[in-house]
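Below, in structure tokens: the form predicted alone, a single chain.
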Amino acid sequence: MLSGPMPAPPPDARTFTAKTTSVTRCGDDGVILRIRPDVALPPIRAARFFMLRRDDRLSPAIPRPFSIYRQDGDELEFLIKVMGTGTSALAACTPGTTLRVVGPLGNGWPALDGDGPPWVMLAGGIGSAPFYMGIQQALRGMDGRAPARADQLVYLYGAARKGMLYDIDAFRSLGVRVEACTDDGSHGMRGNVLKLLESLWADGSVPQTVRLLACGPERMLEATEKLARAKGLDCWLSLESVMGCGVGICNGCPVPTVPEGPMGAWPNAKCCVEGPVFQTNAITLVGAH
């Protein structure tokens, strides 16, 4: 018998409007959208997200979810891969364009402290979006935890080609170790981030026991989950699920739970409310399709 309360949107979520302050090209097919909300927002945990749409007819009626990329004073930035009607409308914003925004939503990364094994961050393509602030917050310390040192953070970034390693120099400027790989070998090692991690384990430059964070295509996240289970590593995944509402009403973003895990009272978790970040002791992507 199922038990426990149904998950609800976070108490700090709200609906508001925001003005576009800039749109900057990033990589081959991306932009950085910078907005100024008409409400004051407190510091936001990395990997939480917002639902965004233009306040005109150029955007689809249903907003799209985007992880917060950076928070700078009273402005927010989003790293967006231009793929379809909704993202094209956002990329076409000009200074002063009004957006309808819902957020902050979901749960972000855990506190990335310096009291345990190193944190290895695996990003695939636009899956880099939740990591910039994650690194910033780790170096600063959160929730009263000891801050991580720069040498305890390793950022591994993979993409199809060099032009899809979005804003990689900004990550290098944070002072942590950054390693890149591409499918075509145009930048860094030829291969994917899991092969890159295996190579760093093999040469001894990364210890065998690490804590993993990953965001990227679902096949990459499935492979990361399998690797973490095989090696007994703590692992958190930030899922890039399609969402209809972002607040747990439509039930359009189910994620299978681990029956014996902390969310096992229900067969599925809601990615928008209980995620998008999940620890792999709670959910599973392997064999979900």
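Small disclaimer: the values here were computed from a predicted structure and weren't measured. Residues carry their position along the shown sequence, with the first being 1.
FYI, the form predicted together with a small molecule isn't displayed, but the following is about it.
The stretch from 33 to 41, 232 to 240, 219 to 227, 256 to 264 that comes within 4.5 Å of the small molecule in the predicted complex, counting heavy atoms only, is 232 to 240. For the candidate spot formed by 80, 87 and 126, every residue has a non-hydrogen atom within 4.5 angstroms of the small molecule in the predicted complex.
Although the partner is absent here, residue 65 is a contact residue: one of its heavy atoms lies within 4.5 angstroms of the small molecule in the predicted complex.
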